[in-house]
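The chain below stands alone, shown as structure tokens; this is the form predicted alone.
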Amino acid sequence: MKVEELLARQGAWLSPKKFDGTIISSRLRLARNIRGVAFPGWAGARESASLCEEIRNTISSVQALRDAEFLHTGDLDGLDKLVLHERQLLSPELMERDNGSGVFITPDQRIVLMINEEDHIRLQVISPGMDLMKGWEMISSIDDELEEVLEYAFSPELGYLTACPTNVGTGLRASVMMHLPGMHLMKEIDPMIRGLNKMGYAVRGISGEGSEAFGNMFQISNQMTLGYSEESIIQSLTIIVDEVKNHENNARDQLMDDKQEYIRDYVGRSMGVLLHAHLLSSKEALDLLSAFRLGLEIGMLSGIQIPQIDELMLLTQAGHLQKIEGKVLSPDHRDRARARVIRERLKDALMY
């Protein structure tokens, strides 16, 4: 599978069948290591290459991964890696690795297995909307099949052993991507983040750890796995996400009741710039598309479907934009191409 083929397919989290105005996607990730083999950060090139080949040879025995394609990171150029990262199919850690590392991706891009990232195996399932429990059933089944053919590093006292101490235990990270423009406009984001941090949850931007929350997109995830069961991690996160969703809906209701002209101006300005700008940076585009998306959700805009906005948020990121254009672009040329793509795709939008 070439990276170009991914561009012709919809990302796993973009399905309109699972549309939820506030919740974009849910993701589960398991960290696993092989007993008796040094963690990737300490392993030599020969040891990493040998383990990568061993894991590759076991994948055919896993039903859910039989159709998955393998991409060797050493065969990917920087732009290909960036596209995969933007699709949440390749982590920043794996982007830095070459020989002895790679990634399996299923055709629907829902299941990803990274080899020799921070851990020997990073198994991920991503779904549109709120689908943590079904995602857990899927990832747990795959993990069970892998464990039949691979001997994991496991401690009866601690659980699964991982390179990072915060992943020891279940090795499970669950996260939900949410669109929270109402809380942003009501200045409730910072208090929410501080509150969740105190409760043991991380809140990050659209690209995960270390990223900023452009476009009012926030990932909420558990931080600790030791001492908790997988089911309790998922149930607790589900409760938190439901509460945040209620706060977001209340913020939107309050804005519509008390600041309707302000919202109309906020949405209208975003529409005006998106339809007429000739230069747009990535950050500006995401922020404006977030406002446009809000306008669709509250019924101020029509002519465009919300999944189209989610797709635009992906396609106008630097890697995708350059792949679409078929060449490497300077920042100025990317800003010009981004504005053109957005103008063309939003030309049928109407405001009430």
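Computed from a prediction, not measured in an experiment: that's the story for all the values here. Residue indices: 1-based, along the sequence shown.
Below, we refer to the form predicted together with a further copy of the same chain, which is not included among the displayed structures.
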TODO: Heavy atom within 4.5 Å of a further copy of the same chain in the predicted complex: which of E53, E284, D67, E311 fits that? Just give me the one.
DONE: E284
Open item on the list: Considering non-hydrogen atoms and a 4.5 Å limit, which listed residue (L158, M224, L275, M138) is close to a further copy of the same chain in the predicted complex?
Closed with: L275
Open item on the list: Counting any heavy atom within 4.5 Å as contact, can you tell me which stretch out of 255 to 263, 193 to 201, 82 to 90, 228 to 236 lines a further copy of the same chain in the predicted complex?
Closed with: 255 to 263
Task: M133, heavy atom within 4.5 angstroms of a further copy of the same chain in the predicted complex - done: no
Task: a further copy of the same chain contact in the predicted complex: L280, any heavy atom under 4.5 Å - done: yes
Open item on the list: Even though the partner isn't displayed, in the predicted complex is G268 close enough to a further copy of the same chain, meaning a heavy atom within 4.5 Å?
Closed with: yes
- [ ] Select from 60 to 85 the residues with a non-hydrogen atom within 4.5 Å of a further copy of the same chain in the predicted complex and write them out in sequence order.
- [x] none
